[in-house]
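Just one chain follows, in the form predicted alone, and it is written as structure tokens.
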């Protein structure tokens, strides 16, 4: 009869301890909830940040200012930790207390930005009462992209969007705020961001006239490139600017890009931290990481967007850029634009 040997007491104790350790649940990775625009947080860029910090990043992509507002406001600033927003839109987040001041000492890479983006006090919209609420990340002007084969010469004016020769061949970004600003520019109003009294009726009439030229509307840059190529568009109001230009040229389109003489609306997107951020240190680390040379290069080389560290290859005349400002009534603009797109008459569009 063979007798089994019991392991020594020390081995049994060590085995028990090891078993308890292996069976214990691993600590959950910290999660950073990011609300982003297309091209701002590519998978490889996110993966690099995760490897560096040990955190897990959840990316939610939006394609409209109003959708961004709805997502942040719905959770009263608690459903996301950090998000990208343009300086004009940022103001209502500050007004509602949905964002918190940013600690620049936690962003050493901010010192590597170009001087005009490093001097935050000189940038309209990023500061309030001496506190910094957002850090610049990307910018672009909303120029006009045109099919060279359908134009004898480059368009010079926003009026080209209304040219009857392009009936059914114009693509417009589906955003009420920007479309009313376009109408205001076309009407020669003093500011594209301020409509008063009879201005509303004039702008509505102008946009209904533009509706006759529309091929359709778009939301995301990839969508606009596909529509432009597949449906033979002649002219595109480029909400994403050179990002869309790069997409179309990469697809083999023979297109040009112009800034109209009335000027091009231009946006400056920044990163902001919500008041409900679970880990503000991690949110600061995300912003600082994206200000590094690597992510900045991805933003420009891969997506055609201007980063805030280096001069862009395509540099529009600064005097012809109309930087976005808060509009007089964003909800009204959106409501009226929805009615216009749906095909309503001017009377129905303007009805209470």
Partner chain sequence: MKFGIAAKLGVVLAVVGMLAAGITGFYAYSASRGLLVQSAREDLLTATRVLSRRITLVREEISLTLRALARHPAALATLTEDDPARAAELGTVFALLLEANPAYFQIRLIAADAHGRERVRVDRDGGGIQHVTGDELQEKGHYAYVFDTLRLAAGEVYMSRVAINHERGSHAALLQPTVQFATPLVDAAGVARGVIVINVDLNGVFAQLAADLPPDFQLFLTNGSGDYLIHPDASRTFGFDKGRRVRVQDEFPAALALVEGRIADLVIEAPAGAHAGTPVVASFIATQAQVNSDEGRFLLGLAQPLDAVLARATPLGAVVLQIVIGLSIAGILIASVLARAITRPINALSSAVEHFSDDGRGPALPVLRADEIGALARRFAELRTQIAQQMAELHQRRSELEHLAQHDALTDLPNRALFDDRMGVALAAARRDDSRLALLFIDLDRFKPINDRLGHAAGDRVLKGVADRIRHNIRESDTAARIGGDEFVVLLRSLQSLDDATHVAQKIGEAIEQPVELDGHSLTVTASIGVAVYPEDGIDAAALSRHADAAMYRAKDAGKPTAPGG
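What you see is a predicted model; the values in this text were computed from it and never measured. Numbering follows the first chain given and starts at 1.
Omitted here: the form predicted in complex with the partner chain. The next part is about that form.
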(message) Just checking whether residue 329 would be counted as a contact of the partner chain in the predicted bound form - the rule being heavy atoms within 4.5 angstroms.
(response) no
(request) Evaluate residue 339 for contact with the partner chain in the predicted bound form, applying a 4.5 angstroms cut-off between non-hydrogen atoms, and reply yes or no. (result) yes
(request) Answer with yes or no whether residue 215 is in contact with the partner chain in the predicted bound form, where contact means some heavy atom within 4.5 Å. (result) yes
(request) Please check if residue 63 has a heavy atom lying within 4.5 Å of any heavy atom of the partner chain in the predicted bound form. (result) yes
(request) Heavy atoms, 4.5 Å, the partner chain in the predicted bound form: which of 276-284, 259-267, 223-231, 176-184 makes the cut? Say which one. (result) 223-231
(message) Just to confirm, with a 4.5 Å cut-off on non-hydrogen atoms, which of 131, 148, 167, 111 contacts the partner chain in the predicted bound form?
(response) 167
(request) State the residue from 29, 67, 301, 293 whose non-hydrogen atoms include one within 4.5 Å of the partner chain in the predicted bound form. (result) 67
